[in-house]
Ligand SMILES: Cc1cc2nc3c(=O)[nH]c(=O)nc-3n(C[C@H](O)[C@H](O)[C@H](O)COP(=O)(O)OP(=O)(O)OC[C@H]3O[C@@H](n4cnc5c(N)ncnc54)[C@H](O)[C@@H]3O)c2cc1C
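This document opens with one chain alone, in structure tokens, the form predicted alone.
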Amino acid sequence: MSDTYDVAIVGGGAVGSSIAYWLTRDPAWRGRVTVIERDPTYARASSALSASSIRQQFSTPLNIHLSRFGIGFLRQVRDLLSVEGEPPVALGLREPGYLFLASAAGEDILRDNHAIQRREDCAVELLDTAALKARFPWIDTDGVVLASHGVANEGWFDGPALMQAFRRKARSQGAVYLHDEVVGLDRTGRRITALQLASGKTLTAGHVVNAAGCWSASVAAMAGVSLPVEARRRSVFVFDCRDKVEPMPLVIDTTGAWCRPEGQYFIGGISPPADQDPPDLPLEANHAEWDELVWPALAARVPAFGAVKVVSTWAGYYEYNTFDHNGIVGPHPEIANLLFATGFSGHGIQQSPAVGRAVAEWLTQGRYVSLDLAPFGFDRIAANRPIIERNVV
């Protein structure tokens, strides 16, 4: 078999596999697609270690549109990603919404975000403290002046199952998955001319898509491109509470700590302060975050959490875009056959269906058709034109 492909996708997580799915799904597509994944067990992949939630409550309309398509896709996964009549593993999609809590200092931002969301026809409501307590009696409203609740189209699901379903369907449609690692990119002028693999193989491709997640900066560097994406560790704590706390959406406290139900347990975490959040930390849960940041905040907000027991932990990496916390998608402005699909800063799993569709459209038609992702293009970085997302968790 030839080692020449029309599209080579570096990274086989949810985003890379979604691109492969959408490409090979197109009946007009006649090209060859390969996905190069160095770890088919996905032991360190962000897609496999994500808390896998989806929301509409963003401050950037384009992020709203990406996730709006995503929730619709998740509801149709059984039909869209079945292989020879066999459906994928159920995603366990639940839609209790997100609940953002604001102190006096955050009230104006919450109201501004709400106005944007309502203009985009999101199903969100603002709750004052009385309405908040009436809706969720288990909450302590001390320090809260306003809350934003997503009443539809928000929740959580089995992210690893979605990733595997994309992969399985893409392979059934002809995508070739290689267990290998890209260790070099040969560039001549405005083109990537070859991909050098750890196995010693050399591939050529009409287009190369960098979907390598938190390792995408090192792949970009092989082509002489500086990409502002880092691996930022996020710890997740699974804990048991003897008392019932229901109904419970995904709660984001005024402190930034978050929690939600997970089966018979709950999970929670926090984005650590900037001075405690360097890149490339060991992929091990930081138990000090629970003791010092997460549990004190959650116990104060949910009195029933005053007596809980941590039963498990894990850690995953955000592919953190240090420039503006939004995805970097589409072609490089100077390297004609290099595209990006990375830097989603914790939103990749929920945005993977829409991003995969958009990149596939660009590759097959030379433009975005369903949703214009040009604002998230690489050129905004060189132009110092950030798109600020004010609702980052």
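Residue positions are given as counts along the sequence shown, with the first one as 1. The structure presented is a predicted model; accordingly, all values stated were derived computationally and were not measured.
The form predicted in complex with the named molecule exists for this protein as well; it is not shown, and the discussion that follows is about that form.
Under a 4.5 Å heavy atom criterion, is residue 95 part of the interface with the named molecule in the model of the complex?
Taking the distances in the model of the complex, the answer for residue 95 is no, it never comes within 4.5 Å of the named molecule.
Taking 4.5 angstroms as the cut-off for heavy atoms, does residue 23 touch the named molecule in the model of the complex?
Flag for residue 23 set to no.
Does at least one non-hydrogen atom of residue 338 fall within 4.5 angstroms of the named molecule in the model of the complex?
No, residue 338 stays farther than 4.5 Å from the named molecule in the model of the complex.
Would residue 319 show up as a contact with the named molecule in the model of the complex if we use heavy atoms at 4.5 Å?
Residue 319: contacts the named molecule in the model of the complex.
Just one stretch in 304-312, 234-242, 144-152, 131-139 has heavy atoms within 4.5 Å of the named molecule in the model of the complex, so which one is it?
Contact criterion met by 234-242 only.
Which one of 45, 328, 360, 33 is close to the named molecule in the model of the complex, taking close to mean a heavy atom within 4.5 Å?
Partner contact (heavy atom, 4.5 Å) among the options: 45.
Just one of 158, 107, 292, 181 has a heavy atom within 4.5 Å of the named molecule in the model of the complex. Which one?
The option sitting close enough to the partner is 181.
Which residues from 263-298 come close to the named molecule in the model of the complex, meaning a heavy atom within 4.5 Å?
Contacting residues: none.
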